[in-house]
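We begin with a single chain expressed as structure tokens, specifically the form predicted on its own.
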């Protein structure tokens, strides 16, 4: 790994700041190195910056509050992606979004380069709950609640797994609820609502497993997960 990339992955320094630090001299196994392109073994070599030994972070975990019109992808030729929202120094370890949110859906996105964790969270066999806040243009009833609980059949004949619908308010014009599902079929919640003759007008993901969206994050903002949050996700 390049020395400047290593320093960025271990600190809050930008790539530009890391290069400036290296040009002044960084200790690599006790030897002063001033070459930005210098290659190191991140698992073996001892790197010291300003008297501090840096510890390599293999994985990165980011919580992002996705806004509408942002694509859940690493790159797109026409639209801004969730990765485009990251600062350059936060892209160093190549994080990718775990799962997807529709273009017009807001809420929690987890970005990481931890493939094993991503597989666990997305695997249908793991039954990881995802909780959403939803608004629909019609009345939500206890009958619909029971239909979702028993597994509703959507347009392609697929029977969804049991879903929990918590009705917050219900009206013939607009109803509000929390809905928790443990799978992620394409446009699943919209298709579930359509199956009971309702249309989703607003949708926001609030949690993935034990990870809950930080309500201090504004739309488009993100932060690194705490150690406690990371450990809970890995349970």
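As the structure is a computational prediction, the values presented were derived from the model and not from experiment. Numbering follows the first chain given and starts at 1.
In what follows, reference is made to the form predicted together with a small molecule, a form of this protein that is not presented.
- 189 is the sole member of 189, 177, 208, 63 with a non-hydrogen atom lying within 4.5 angstroms of the small molecule in the model of the complex.
- The contact residue chosen from 135, 139, 90, 102 relative to the small molecule in the model of the complex is 102, the criterion being a non-hydrogen atom within 4.5 angstroms.
- In the model of the complex, the small molecule stays beyond 4.5 Å of every heavy atom belonging to residue 26.
- When the small molecule is considered in the model of the complex, residue 70 lies well away from it, no heavy atom lying within 4.5 Å.
- Looking at 38-46, 189-197, 169-177, 55-63, the stretch with residues near the small molecule in the model of the complex, meaning non-hydrogen atoms within 4.5 angstroms, turns out to be 189-197.
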